[in-house]
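Below, in structure tokens: the form predicted alone, a single chain.
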């Protein structure tokens, strides 16, 4: 940018700042006291009270800005994205797990994205589709026992995680190491939950879950580093992700090169598996609560797939299933909060946000704004039917947006369709218990409580 252009931009920013106002404060600590066992509900109520306006959530010593209006979301994630970085709340507690790769920021993130982007194109993911379908069927047969109670959250996560691990590592990882790796990942994404609502507590102050979190990282590193070193010694021409990254990072030598591949693998594993696990856990709840939706999905599967296994050629015909999954991640986006640290004082929607503060974006809240969504709390896949998709581009952000938009959107949709169709073509789910299901507090938004179902073979349904 030339000197004159920069001076003009600075003048515009200064003028905007001069006419900007301060954000109103919202006593968030009162909402937390009102919902002591359900912080997600406290956050949802804060969003309703804010109504799309920028407010400061008063949490005592910590007062982040809540940013939910699509115009304001666009400003943070795209228009002035370099000013809003992945640091502070949410990110710092997870840093020992996700490292400095694709889920970080700055130069390391740009380098990782450049390397990983070719591995998540539609063409590359489609090349894995046949293998993915076969792996999913194997995992379903291993985990699901017809007629016996099935733990939805844990069971679906196990199927998804094993599939991702096999796709990422190919034959470079043993069943024993997979059995160690998956529960370690589960602990890694849930153990720091309390720090989400207490972000002002320094990292050196012990909190519940800290020890389990550190143990999970040791296990992950014990499993992944040997696989990384093996892939670097002989990357071959395999399609598995670790081999592809090893080939792309052949010039990153020594322990630092190992660490970079490790961080990319852990970051992409977390992003790929968590989105799918979260969406598919909620999918069973939605099928149970909306029988008319379930019947349409059953009919589409019968008509498209029939009695045979689902193959990639079936996916273009599963139009209603695709709308169903799109609506699931509207109401229950895995990345339900997206905090950013403000580098330089800025103006968003006429409100001054101060340098060094935190802004919190929330797809969970943005997807519930009545200004942009008709009947936002109702589950309705038809809102995504052709001809009904005219809405603010930034009102729907389940995969974030801008330069940091998730690379794995296509992978998610293919894997989610394969898994659901593979199970529903053979079984009918019967959920245990009744009443509304609430989300639990964690870095992702899975259902809380013990959620079980029994899979009944269709011949007996």
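All values reported here derive from a predicted model rather than from experimental measurement. Residue numbers count along the first chain shown, from 1.
Just so you know, the form predicted in complex with ligand HEM exists too; it's not on screen, but the next bit is about it.
**Q** Open or blocked, can you tell me? Superimpose the site C-alphas, put ligand HEM where it sits in the predicted bound form, and call it blocked only if 3 or more of its atoms are within 2.4 Å of a backbone or C-beta atom.
**A** This form leaves the site blocked.
**Q** Please tell me which of 403, 51, 27, 433 lies within 4.5 Å of ligand HEM in the predicted bound form, judged by heavy atoms.
**A** Checking each option against ligand HEM in the predicted bound form, the one that comes within 4.5 Å is 403.
**Q** Which of these residues, 161, 362, 216, 275, gets a heavy atom within 4.5 Å of ligand HEM in the predicted bound form?
**A** By the 4.5 Å heavy-atom cutoff, the listed residue in contact is 275.
**Q** Have a look at 33-41, 393-401, 65-73, 420-428 and name the one stretch with heavy atoms inside 4.5 Å of ligand HEM in the predicted bound form.
**A** Answer to the contact question: 393-401.
**Q** Quick check on residue 150: any heavy atom within 4.5 Å of ligand HEM in the predicted bound form?
**A** Residue 150 lies outside the contact set for ligand HEM.
**Q** May I ask you to check whether residue 168 falls inside a 4.5 Å heavy atom distance of ligand HEM in the predicted bound form?
**A** It does: once ligand HEM is placed as it appears in the predicted bound form, residue 168 has a heavy atom within 4.5 Å of it.
**Q** Decide whether residue 279 counts as a contact residue for ligand HEM in the predicted bound form under a heavy atom distance cut-off of 4.5 Å.
**A** Judged by the heavy-atom cut-off of 4.5 Å, residue 279 is in contact with ligand HEM in the predicted bound form.
**Q** Would residue 358 show up as a contact with ligand HEM in the predicted bound form if we use heavy atoms at 4.5 Å?
**A** No, residue 358 sits far enough from ligand HEM in the predicted bound form that none of its heavy atoms falls within 4.5 Å.
**Q** Since the partner is left out here, which residues of 338-366 would have a heavy atom within 4.5 Å of ligand HEM in the predicted bound form?
**A** Residues within 4.5 Å: 338, 340.
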